[in-house]
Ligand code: UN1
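Only one chain is shown below, in structure tokens, and it's the form predicted on its own.
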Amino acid sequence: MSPSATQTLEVASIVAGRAVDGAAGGTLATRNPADLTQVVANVRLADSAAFVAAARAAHDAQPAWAAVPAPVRGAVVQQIGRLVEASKESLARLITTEIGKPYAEALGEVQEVVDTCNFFISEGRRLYGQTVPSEMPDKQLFTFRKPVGTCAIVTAGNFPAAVPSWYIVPALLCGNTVVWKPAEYAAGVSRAFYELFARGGLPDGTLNLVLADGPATFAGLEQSLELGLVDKVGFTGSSEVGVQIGELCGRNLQTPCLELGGKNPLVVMGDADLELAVEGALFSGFGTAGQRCTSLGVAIVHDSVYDEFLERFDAAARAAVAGDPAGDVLFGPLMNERFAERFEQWLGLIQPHHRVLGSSGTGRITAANPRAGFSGGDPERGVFYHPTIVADVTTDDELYRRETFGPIVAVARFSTFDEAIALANGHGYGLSSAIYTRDATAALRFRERVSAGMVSVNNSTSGAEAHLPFGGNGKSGNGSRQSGVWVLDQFTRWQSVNWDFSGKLQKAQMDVVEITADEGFRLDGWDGR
């Protein structure tokens, strides 16, 4: 089934199961980035007071939700997953329409929500603690997982369904309640996502949706933390904002879950399968118009294959189909006009010593600056940009050091493995990475020395699976991880219990029975008796 236009949605924040009246934060119309004349959603934005009200509603609902047995919470997650699956095509069409993601990728994104629900269905029966032996008799030790409480989740719009599910599904499963602030430019998708979750059986107040701009969100989060209404913050977005979120949480003695930007390296060794490497670079560099946190930032190519790789990569980028995301394309438009303004800044980082490849032009695709083979009508109706390959980048270039969000890939060269590692790590980001090689030793050494939290061997920098830990280091995050069993440590806290049934006070480290050894014994002179 192909995407089709939908009626304009009228959306607002939802607090304790009810729509928030008015538009204290103003109004916003989200538009189809492939056709800016189409309004997808009229949005009533909330203010900081609505965020605080949502946090209070979640805080008040949390004890009752935590009291629901964990296996039953898992059954609710199962119901949510089935509802999402039943609306897979509809939600994917909305994603394509509102943020311009190619329909095939949008279907994959919705499937990731389903996969996440499927994974966590049974985790409600596996929120295991441990029994631990005591050093004293008649005493038992235990550990239990307890929900952290109320979680404030702030997500970007490039994956408006998948990434929120990484936070919200395990948070709910563990007995937490949630205040969710999605990207306002994907408000239609977010409202549909909320509806599917609410219809899955969540009590009012368990999940609350706040549609607000950045300043109102930050002010509301700050107030909620100071009032003790929020116990955990999850944030996906830029490194710059992540620093501010980290500082705010630190002042309140909280450790946030931060999933930030990347300058993801893809190393091409001299023995690499170049056809495969180019295929991976093309998908990770220009799929979703380069608007993934795991998009390829810099291809690092060995001297011996540098020219051939560039020639192949240039040809592949020129041949790739760009255009209407409802069709069979590699990439569509940028998500929003504001990303176009930022992308123009990245293009301004190109220097005279760089070679620019990858398309029939650079910048916005227009009638005066056409893209050969553009698919899907008039590009000037949308926010379409040429794919851009910038060759001969060095560590002195700002283009190497900065995260660039959009269809632009830097290419650098190396001669030794140590140089490749220095290029892979030197910008300070550490989210995703890849190496193409036939040499197992090179792959293992790369895994050992690269700073990234995720490594692919002979695969692209993009393509996380729902049951593996996802997250980065350095400028890409604070070491927290999402997905799989590892995310449970973000949404639970360990409680240790000691139960002494001896009938007397036993003091650890002091009342421990000592068994002595014959420390003077030696085998020399021993006759076996």
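Every value quoted in this text rests on a predicted model; they were computed, and no experiment measured them. Sequential numbering from 1, following the sequence displayed.
This next part talks about the form predicted together with the named molecule, which is not shown.
Student: Given that the named molecule is left out here, which of T492, S462, N32, S48 has a heavy atom within 4.5 Å of it in the predicted bound form?
Tutor: For this set of options, the contacting one is S462.
Student: Have a look at S239, N336, T294, S451 for me and say which one sits with a heavy atom within 4.5 Å of the named molecule in the predicted bound form.
Tutor: Contact with the named molecule in the predicted bound form is made by T294 alone.
Student: Any chance all of T97, Y103 and F384 sit within 4.5 Å of the named molecule in the predicted bound form, going by non-hydrogen atoms?
Tutor: The answer is no; none of T97, Y103 and F384 reaches the named molecule.
Student: With the partner left out here, check for me: in the predicted bound form, does some heavy atom of D115 sit within 4.5 Å of the named molecule?
Tutor: D115 lies outside the contact set for the named molecule.
Student: W65 near the named molecule in the predicted bound form, any heavy atom under 4.5 Å?
Tutor: Close contact is absent here: in the predicted bound form, W65 is far from the named molecule, nothing within 4.5 Å, heavy atoms only.
Student: Is there a non-hydrogen atom of T217 within 4.5 angstroms of a non-hydrogen atom of the named molecule in the predicted bound form?
Tutor: Output for T217 is no: heavy atoms all beyond 4.5 Å of the named molecule.
Student: Find out whether any non-hydrogen atom of Y185 is located within 4.5 angstroms of the named molecule in the predicted bound form, and reply yes or no.
Tutor: So Y185 does not count as contacting the named molecule.
Student: Partner absent here, but in the predicted bound form, which of 361-369, 239-247, 420-428, 160-168 has residues with a heavy atom within 4.5 Å of the named molecule?
Tutor: Among the listed stretches, the partner-contacting one is 160-168.
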